[in-house]
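So here's one chain in two forms, each on its own in structure tokens, numbered structure 1 and structure 2.
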Structure 1
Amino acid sequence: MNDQANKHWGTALLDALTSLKLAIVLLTLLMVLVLACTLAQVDLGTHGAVERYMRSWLVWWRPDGASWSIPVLPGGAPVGGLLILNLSVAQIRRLQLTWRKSGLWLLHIGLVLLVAGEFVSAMLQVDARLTFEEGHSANFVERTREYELAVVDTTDAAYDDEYGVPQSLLLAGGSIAIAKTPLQLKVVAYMRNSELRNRTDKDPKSLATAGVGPEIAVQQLPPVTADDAQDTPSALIDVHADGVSKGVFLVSAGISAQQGFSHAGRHYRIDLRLRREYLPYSLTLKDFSHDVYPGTDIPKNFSSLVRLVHPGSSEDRTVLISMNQPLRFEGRTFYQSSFGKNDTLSVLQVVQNPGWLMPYVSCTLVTLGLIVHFSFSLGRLQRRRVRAAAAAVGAT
């Protein structure tokens, strides 16, 4: 009895989950979200609008001046997730494996792949930047929105030993031991975004006791959301070496001056900077060119002529990276992104996305599926027309 009811209940749920009605409702909700996300970009910027509508579980609405807010719509995550569930289960449950339905299979599998690919990108894609000047080499990339506290052992003139403390550890606070060194760092304060200026007599005494910190007044700011804005994080770090205090340093992405200390005959530099990732190869900017159409300032092209040296695979070659012509190498893709310093400095966008091929595959599948499916429909329609015409002839 109980079993029977359970089964009934389970089937009903499955029916609801795989129903075409649900698909239509979800597609409509998705349209509403996309439209809202588009219009909201005017005020929130793309990043903010996407966070609010597409990469959320619920869309909250707060009346003007109110301190409470209520959810008004499901966010992009549940709508997209349910849509994929509905699509996959319905496809398996309802459709037969026949040639006539092959188009629908292809296109629905392609759609699942497309959304899965977006999911993979959202989770695993790493955006970074590589900045270099003509004649200079770079063997690291910098993450675009992530910071790290770097401790660099500069004792040896030939090479530096670098130790990076990721932002997440700094946010957690507490004491951090740097492996293989006698150093112990205590996070006194960490600010995701801040404003720095020269300290005047009116400002309270700085908490920093070493480096340039005592001269600087720092004020905490809320993190930015606009697309073209960047946070300036700062931190106060109490440095101990073998239990001896080396002072409290103010480190910040807004400070370019080098700060450091010495201990037991070794010299250290301490710096808060964009998180670096070192590459097993190096890129040298041989030439950056930026052409405009004659008599105008309309850019015709930007390109970086780069020498790529990989000691591991003894590769040494020249590559031209230009708009629409990225370099794909060892899982990373380098795109021409920006430039500066009177066209002698080039900025490459570096993307690591293990799922980059999925849209290509899914696009092919869906397009193929649509063509196959509509061809079958067209054939059916044609046959019906022929029959109708024959009937009409027969009638006269």
Structure 2
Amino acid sequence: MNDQANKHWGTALLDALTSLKLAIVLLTLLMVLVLACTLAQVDLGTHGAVERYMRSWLVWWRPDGASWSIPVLPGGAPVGGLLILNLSVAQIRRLQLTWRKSGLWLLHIGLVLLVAGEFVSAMLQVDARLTFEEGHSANFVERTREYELAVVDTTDAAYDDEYGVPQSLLLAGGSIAIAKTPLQLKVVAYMRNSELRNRTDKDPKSLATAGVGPEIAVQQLPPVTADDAQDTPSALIDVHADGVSKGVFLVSAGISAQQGFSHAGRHYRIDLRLRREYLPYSLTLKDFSHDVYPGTDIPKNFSSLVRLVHPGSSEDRTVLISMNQPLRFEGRTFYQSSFGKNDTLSVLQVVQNPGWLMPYVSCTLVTLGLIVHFSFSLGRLQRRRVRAAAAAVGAT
């Protein structure tokens, strides 16, 4: 009896999971989330809106002035995951593996890939930027929304030894040992966003005891979400070398002055900066061009002529990167993004997304599936008409 009951419940659960009604509800929820995400971009920016609505488990609503919030909708993550499961299981369970159903197979596979592509992008896509001036080379990119604490050994004039502490460890706090050095860092405080100003007599005593920190007042601010805004993170770091305190340093993305200390004949610099990823190749900006429409300051086109040198593969070539012509190389795509310094500085947006082809493949499969399915349907309709005409002639 228990086996029959379990089988009944299993069948009922499978029927509910693969039902067409569930698929329609999930697709409707996705359309609502897309609409809400689009409207929210006005206040949150593209990145903030996508994170809140499409890449979250729950969408929360907080009344104005309240300190509490309540969930009002499932986020894009559970809706998309359940839709993938619904389409996949329904396809395997119900669709016959025949030529007549090939269009529906292609349609289902395309929809699954379309939703799965967003999951791949959410988990694996990395957005960065590369900034260089004419005549200068760069062999690293900077992640636009991630920071790191850099400890740089500048003792050797020929090269620097850099040690990076990711933002996640700074947020966790505690003590951090720098490998292959006698340094131990203690995170006194970390602020995702902050405001800096010159200290006055009315300000409380600074926690910083070394570097430029004692002269600067810092105030914590909520993180920004707009696309054209950037957080200014700050941290108070207590530096120890072989157990000897070197002082508490205030490091911040808003501080341009170099701060450092010495120990046992070695010199170190400490800085809070955008997280860097070093490349096995370098790009040199040979020339930057900024074209405008005649009689206006409206940009018509801007492009960077760069030299790509990869010692590992003996590759050495010149590439033109323009607004509509990116450079794709070793899994990264370099887009022309911005410029500055009287058209002598170029900023490239660098995107690393292993799933960038999935939307194109999915849309192609959906289109092909619809064509195949309607072709079979039109063929069946045409055959019925021929049979009906033949039967009418035979009857007369």
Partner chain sequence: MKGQRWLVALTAVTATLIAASGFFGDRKGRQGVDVVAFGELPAQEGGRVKPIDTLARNALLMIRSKQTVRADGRTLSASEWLLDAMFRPQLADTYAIFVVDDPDVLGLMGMPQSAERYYSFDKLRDHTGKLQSQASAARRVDPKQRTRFQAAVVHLFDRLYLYYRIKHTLQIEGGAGLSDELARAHTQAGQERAQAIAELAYFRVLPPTAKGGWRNIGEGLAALHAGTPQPGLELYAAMQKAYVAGDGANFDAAVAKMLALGRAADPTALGIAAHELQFNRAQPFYNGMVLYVAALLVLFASWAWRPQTLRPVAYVLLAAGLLLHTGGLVSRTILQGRPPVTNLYSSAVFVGWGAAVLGAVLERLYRNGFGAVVAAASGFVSLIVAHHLAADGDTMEMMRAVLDSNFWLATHVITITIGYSGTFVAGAIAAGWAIRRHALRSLDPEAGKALASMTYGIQCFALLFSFAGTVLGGIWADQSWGRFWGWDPKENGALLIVLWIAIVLHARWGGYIRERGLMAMSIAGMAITAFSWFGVNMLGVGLHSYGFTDKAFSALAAFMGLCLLLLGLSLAPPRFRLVRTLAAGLPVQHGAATPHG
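Every value quoted in this text rests on a predicted model; they were computed, and no experiment measured them. Every residue number counts along structure 1's sequence, beginning with 1. For the two forms, the rigid core is made up of the largest set of C-alpha atoms that agree within 1.5 Å on superposition.
Colleague: Quick check: structure 1 or structure 2 for the form predicted on its own?
Modeller: It is structure 2; that copy is the form predicted on its own.
Colleague: After superposing the rigid core, is the C-alpha displacement of V50 2 Å or more between structures 1 and 2?
Modeller: Where the cores coincide, V50 still shows a C-alpha shift between structures 1 and 2 that is 2 Å or more.
Colleague: Superpose on the rigid core, then tell me if the C-alpha of I298 is displaced by 2 angstroms or more between structures 1 and 2.
Modeller: Yes, shifts by 2 Å or more.
Colleague: Following rigid core alignment, is the displacement of the Q41 C-alpha between structures 1 and 2 equal to or greater than 2 angstroms?
Modeller: Yes; that C-alpha moves by at least 2 Å between structures 1 and 2.
Colleague: Determine, in Å, the CA shift of R380 between structures 1 and 2 after the rigid core is used for superposition.
Modeller: Looking at the C-alpha of R380 between structures 1 and 2, the offset is 3.1 Å.
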